[in-house]
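One chain follows as structure tokens, the form predicted alone.
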């Protein structure tokens, strides 16, 4: 059961919120989402070396600060609130967690310090053309040759796959699912951007043609690692969704308090009060689910798989509800390009299906509790 944040954690939230208010205003989000890279390299480096966000949850022996999932969740909640355009989720949540869970000490020593200091952008290329977010959808084969491992095939919906300097690829060998590190500059790698609804998250298709790859961890040991990584990632995404939902609610309330119709602010109308109250309940419930899951992740206890699916399912729908109602509160202008409501709605929709939609997580939750 989640208690409360410590004074240090509250100060971390204020620090990150102030930093992102300065570095990720709406104007900067709109500028970066129009670029191919989708992030500002100078801010990325500063975020790592002066604020310490990329290395926050990486153990100290690998160049990080050794904090935990609660602190990382606070950061992600604020990044969701600001719609930060940066390869943070792919690098810190997906790739760094996969390396930490892999048990491959050499890989951790090689890659984690570079992630912590901001010199390495990494991602995990899990999904294939069928869009499944579990290991059952992995078909890309890995072949062992006298010169080492090679990969052939394609991965789809790869988060920040166009800018990553390291791509971790789950592939199948004779022993089962295994993890491989691929240098995108290696022979046989082709990367192309994907058309996405949410331009604040850059996706790509990454293709391999007899591409040399380095085995991470034990051959055939990738399945259990991926399942744990996906649990942690679902928790992280739930925290980010909570921040986005709160931002959409804040935008709604501000508009309801200032827009005047028939001689009074529209927030005085009972129907709109009820709609806003319903959104508030959704956002607060989402926050409770996300914080409960963060606590389970921080303690790495037996409740983590259940809490992760519960939080991802609830926060996905709460964010969509808050973003959708924000547009409704704004009326016709809510659909215009100039009003930022659509940015949160698009992020809510992309996050809804990222790592599996609410239906998939409810099904997983039912299986995990034996229903």
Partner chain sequence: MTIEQERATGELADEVRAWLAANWHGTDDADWRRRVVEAGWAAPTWPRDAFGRGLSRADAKTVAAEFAAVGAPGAAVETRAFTALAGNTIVEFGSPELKRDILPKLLSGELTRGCLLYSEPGNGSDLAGLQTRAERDGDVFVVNGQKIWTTGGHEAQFALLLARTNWDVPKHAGISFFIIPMDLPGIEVRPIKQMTGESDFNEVFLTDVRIPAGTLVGELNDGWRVLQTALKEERRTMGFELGARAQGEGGRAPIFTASDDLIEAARAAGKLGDEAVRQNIMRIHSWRLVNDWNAVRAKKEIEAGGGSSLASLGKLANSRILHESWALKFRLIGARGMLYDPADKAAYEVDHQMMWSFINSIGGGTDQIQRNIISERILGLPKGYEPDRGVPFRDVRKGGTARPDGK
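Only a predicted model underlies this, so the values are computations on that prediction, with no experimental measurement involved. Residue numbers count along the first chain shown, from 1.
This next part talks about the form predicted together with its partner chain, which is not shown.
Undergrad: Look at the candidate spot formed by 278, 292 and 303 and say whether its partner chain comes within 4.5 Å of a heavy atom in all three of them in the predicted complex.
TA: Yes, the whole trio is in contact, each within 4.5 Å by some heavy atom.
Undergrad: Let me know the one among 174, 197, 265, 186 whose heavy atoms come within 4.5 Å of its partner chain in the predicted complex, would you?
TA: Looking at 174, 197, 265, 186 one by one, just 265 meets the 4.5 Å heavy-atom criterion.
Undergrad: If the cut-off is 4.5 angstroms on heavy atoms, which of these, 144, 273, 132, 192, is the one near its partner chain in the predicted complex?
TA: Result of the distance check: 273.
Undergrad: Can you check 63-71, 27-35, 331-339, 308-316 and let me know which stretch has heavy atoms within 4.5 Å of its partner chain in the predicted complex?
TA: Checking each option against the 4.5 Å cut-off leaves 308-316.
Undergrad: Would residue 257 count as touching its partner chain in the predicted complex under a 4.5 Å heavy atom rule?
TA: Residue-level check for residue 257: yes, a contact with its partner chain.
Undergrad: Quick one: is residue 253 in contact with its partner chain in the predicted complex, heavy atoms, 4.5 Å cut-off?
TA: Judged by the heavy-atom cut-off of 4.5 Å, residue 253 is in contact with its partner chain in the predicted complex.
Undergrad: Taking any heavy atom pair closer than or equal to 4.5 Å as contact, tell me whether residue 367 reaches its partner chain in the predicted complex.
TA: Residue 367: contacts its partner chain in the predicted complex.
Undergrad: Test of understanding: in the predicted complex, would residue 362 fall inside 4.5 Å of its partner chain by heavy atoms?
TA: Flag for residue 362 set to yes.
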